[in-house]
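As structure tokens, one chain now follows by itself in the form predicted on its own.
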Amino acid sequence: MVDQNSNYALQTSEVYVHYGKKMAINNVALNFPKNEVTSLIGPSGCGKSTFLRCLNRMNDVIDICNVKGKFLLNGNVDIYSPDIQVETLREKVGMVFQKPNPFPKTIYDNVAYGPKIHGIASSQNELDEIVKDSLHRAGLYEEVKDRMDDIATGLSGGQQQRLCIARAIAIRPEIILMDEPCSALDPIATAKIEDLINELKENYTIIIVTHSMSQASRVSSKTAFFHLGNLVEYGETGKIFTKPDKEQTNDYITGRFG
């Protein structure tokens, strides 16, 4: 059972996910502290991305995917309640995907799109400020301030990913989900995204799926290790990587499998 606790941005328990008859997540319970970064690690196919997509109901679009469990936002909002509109949920729980996916629009319009459709800005001046502030927070404004009318797909991969983060920030979420946000990026762009994650946690709760254990150790305060749909171990990142409780966790961390 989930005990309501205002220190957590999101609480989950008794989570099961099936794709048809195949179980992808088996009775997982995880709580995510506010304004902290939590990494989900584990080998390919272990369920970490499936679990992440439960947190803003991205699995709803997959016909054969069946999600069960308890998901509480801020201790009192059941995100799977029939009363919850998915669009409203995704305002509060934004997402950045594995590959940068800017819209084929201008840099400005990419960031302005969310505030426009959600009615966040009451004037053009306010919209301009939201776009500027979001790009600043994403560490991109100085690089693009003279190119706002350029098509976003002309940016480098790392810039495109920071633009996608700016786009997520623009709708003023509380939580940002990141599904391997650096896997398509070079080391320099990856370092910029990691620096950005460390800055963003002051204002947002961040949950990141990563294949890179070194990245998890650099950016997160908490780490959850998944294997074959099970949550094997969860705890402080430093402890998980230096003195895990479970032998299976240690075997994965030290490269014995995965």
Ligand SMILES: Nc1ncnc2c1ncn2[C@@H]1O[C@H](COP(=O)(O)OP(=O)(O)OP(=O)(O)O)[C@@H](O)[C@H]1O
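From 1 onward, residues are counted along the sequence shown. Worth saying up front: this structure is predicted, and the values here are computed from it rather than measured.
Unshown form predicted in complex with this ligand; subsequent notes refer to it.
*Asks:* With this ligand left out of view, which of 133, 174, 180, 143 would have a heavy atom within 4.5 Å of it in the predicted bound form?
*Replies:* Only one option qualifies, and that one is 180.
*Asks:* Under a 4.5 angstroms heavy atom criterion, identify the one residue in 49, 26, 31, 217 near this ligand in the predicted bound form.
*Replies:* For this set of options, the contacting one is 49.
*Asks:* Heavy atoms within 4.5 Å of this ligand in the predicted bound form: which of the stretches 196-204, 217-225, 61-69, 31-39 has them?
*Replies:* Comparing against this ligand in the predicted bound form, the contact stretch is 61-69.
*Asks:* With the partner left out of view, is residue 211 within 4.5 angstroms of this ligand in the predicted bound form by any non-hydrogen atom?
*Replies:* Contact with this ligand, yes.
*Asks:* So, in the predicted bound form, is residue 22 in contact with this ligand at a 4.5 angstroms heavy atom limit?
*Replies:* It does: once this ligand is placed as it appears in the predicted bound form, residue 22 has a heavy atom within 4.5 Å of it.
*Asks:* At a 4.5 angstroms cut-off on non-hydrogen atoms, which residues of 32-46 are near this ligand in the predicted bound form? List them in order.
*Replies:* Going through 32-46 in order - heavy atoms within 4.5 Å of this ligand in the predicted bound form - the hits are 43, 44, 45, 46.
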